[in-house]
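Okay, so we've got the same protein chain twice, two forms, each given alone as structure tokens, structure 1 and structure 2.
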Structure 1
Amino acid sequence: MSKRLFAVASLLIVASMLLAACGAPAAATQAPAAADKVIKIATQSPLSGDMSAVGVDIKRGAELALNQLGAPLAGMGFKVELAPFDDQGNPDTGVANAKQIVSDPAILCVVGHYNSGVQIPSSEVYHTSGLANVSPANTNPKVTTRGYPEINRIVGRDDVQGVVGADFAAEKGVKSVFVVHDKTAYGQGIAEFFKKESEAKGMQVLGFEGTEEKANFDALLSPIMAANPDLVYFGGMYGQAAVLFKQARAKGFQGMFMSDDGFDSSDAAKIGGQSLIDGAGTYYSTVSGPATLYPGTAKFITDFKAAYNSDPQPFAAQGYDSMAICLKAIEDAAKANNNAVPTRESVAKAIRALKDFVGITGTFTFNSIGDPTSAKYFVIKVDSADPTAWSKNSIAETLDIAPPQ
């Protein structure tokens, strides 16, 4: 290279370095980069494992809401994306995911979880980072009684649901119960509320046992069969309850079975089959019920089936409403911020500020700790061993109850 060419090249390199140090040309700073207008809403639910039948449909419900209700934010120039996370129904996985979620500044709201035992520790992470969380399914009282301003739910509580189940059992003439739970925050919690109310109603509690067994319940069934209760109650999830109930029927138990909203999945019928219909039958309490129970869900059911080629599982419609609340709060917070990306704190405040928000499963106003000011509770009877008929199970009782003060 000639000395003149070398000198020119050197000048060009110096000029490039000066431009880099001084920043981009003024023309490039006239409008924010597209990435500055990206907003994400995360979901956390079990997308794999034993509880994925419900967990996947919570995510799908939220996804459908984002697709159908995201237009206002798109009109404001935002690109809104879904960020789904698989918590596997495992607290450690949920917390690890939560740490990843809060590290992404584009995520302004979380829809989740399915399991209270996962939601409670995961929401500690959300709270520390000021990230709004709307739960479609979690019922343990501790979800809201911690008083965190970011944490909300659109369903009822176990300290009401357990009472509803026990009251129904008493009305059915049950005199004695054997209570089993899965040792989780959710299952043991609701079992304890059921036990307390059962005793208050004059029923004899013949046993109260926790188990993590999922396959062979012989050791537990021996005392159950010896006690011969009118009712076996299981606090926990369908994967355990349906196996226990099936094995109890096989040993000759003819009394009533009862469980909670953790039992509410068509997979319960796949597992339990005819054993759920035989004897005195099977009932479960729930804070959601089939989507067909709600007057505002007809279009949702049609659209869900068109999108995913299946009927929605329980809590899918609540996933839709939880996403709708996140979207509306982000929209309101953005408008208050001159259509700029809002802060996490402002989104959390906007959720609590919503009054009479009309969803497909109800109209929502949150109290000072994030509970809905009124919630629905159902008691449902299993009518068929056919999993495809799960959504057609008959409604034995419907109640609207305010949360405890």
Structure 2
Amino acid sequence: MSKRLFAVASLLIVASMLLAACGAPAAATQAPAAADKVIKIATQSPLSGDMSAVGVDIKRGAELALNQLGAPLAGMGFKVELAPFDDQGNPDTGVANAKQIVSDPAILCVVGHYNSGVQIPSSEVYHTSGLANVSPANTNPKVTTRGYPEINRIVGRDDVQGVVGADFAAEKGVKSVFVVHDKTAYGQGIAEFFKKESEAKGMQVLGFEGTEEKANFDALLSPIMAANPDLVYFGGMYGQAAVLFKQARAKGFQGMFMSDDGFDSSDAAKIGGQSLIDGAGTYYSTVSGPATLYPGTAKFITDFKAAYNSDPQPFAAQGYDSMAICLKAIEDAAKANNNAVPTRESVAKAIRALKDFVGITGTFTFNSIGDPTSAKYFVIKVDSADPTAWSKNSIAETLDIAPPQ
């Protein structure tokens, strides 16, 4: 039965394709004229699955940037399109998408990824075809330490952000810390460096624990409460960090909380509420500047809310900036190429040639391996339990740190 069905099916496919093939050339003839001036910029981030909250907003940030900042290129006669890909947080899918991306000559730049585990193998593919990649979120040192000329990132590295946190804690007179992380490449990466620097600064590390738990931190809190550290540090995202902090406060912990730029979301205040303010308060280090320093951020949040009816998640602003850098580099490369579509190599070179590009999360110049030179790092204090006041949180410290080479 099924063989017969397939036989008929294949006959029908052949027949219909023959028809389609006759029709195709007609369509194909008119395409090239327009296609010449089409430039695509791809995004890759998890659009499905449990990491999609952040992944979708990276894409949205990039989309918003394209809509707001696409004018110069449009003025030069280019039609700039967004090509969003879903890497599902899965290396296999990411690599396959990467190969699809590099096989489309119209794509000149890639904004992505969210997971370092996906970015690292996928960027091998970008590298082989010289396609520029600006990463909005990958803090793993390996992203750039491979030294590929196409691969850049606009976020700080784990090995710096962890250090920033630890240095700040030492300044605050913290004597003992308990380090928790979320068992992701991102969170654990930061936490490891935080721990290393804390020990170097003479603080006592009373515990170092990873947990994939999202809800019930009771078991983890017993040793924390027993150790009673001055500071609990969480390497990871706000979704877990805020829940942990809330539960710790509820158990009577009075010390300080600290986290990384994954904590930068007004939802953190929604979850944690008053418990973030109580005791010795809550701090987080971040590479994205607060609204007071970067007026663009406030506008970005308003625009984002207007466009998508929700608050931007972490890395949405970085998605915006990554796209902005792609657009600017393509514009520069196109100008150098007499307003014709530039080559991928020239776009990659143009990104490295950018000087003090002002984005909404910082001012970017890239070093020889694609890290931003002297990225600004901020330590921010959570001032209010009110989520709407999140963007008014005060800066506790500002640091300019060059990434390790």
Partner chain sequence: MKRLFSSINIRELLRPIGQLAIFSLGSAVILSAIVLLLALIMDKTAVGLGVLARFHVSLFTYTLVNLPQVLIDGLTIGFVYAAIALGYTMVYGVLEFINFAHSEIFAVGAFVGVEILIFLDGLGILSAVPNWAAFLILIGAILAGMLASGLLAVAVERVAYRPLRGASSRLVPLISAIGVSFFLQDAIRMTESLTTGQFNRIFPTFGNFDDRLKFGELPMGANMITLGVSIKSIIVIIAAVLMLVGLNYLVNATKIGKAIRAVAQDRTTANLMGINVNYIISFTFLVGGLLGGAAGVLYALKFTRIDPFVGFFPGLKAFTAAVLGGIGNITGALLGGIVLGMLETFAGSYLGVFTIGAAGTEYKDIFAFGILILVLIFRPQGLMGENVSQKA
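All residue numbers here follow the sequence of structure 1, with the first residue given the number 1. Keep in mind that what you see is a predicted model, and the values were worked out from it rather than measured. Here the rigid core means the biggest group of C-alpha atoms that line up within 1.5 Å when the two forms are laid on top of each other.
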*Of the two forms shown alone, the one predicted on its own*: 1
*Examine residue 334 after superposing the rigid core and state whether its CA is displaced by 2 Å or more between structures 1 and 2.*
no
*asked:* With both forms fitted on the core, check whether the Cα of residue 303 differs by 2 Å or more between structures 1 and 2.
replied: no
*Taking the rigid core as reference, does residue 207 move its C-alpha 2 Å or further between structures 1 and 2?*
yes
*asked:* Rigid core superposed: how many angstrom does the CA of residue 174 shift between structures 1 and 2?
replied: 8.4
*In Å, how far apart are the CA positions of residue 374 between structures 1 and 2 with the rigid core superposed?*
2.3
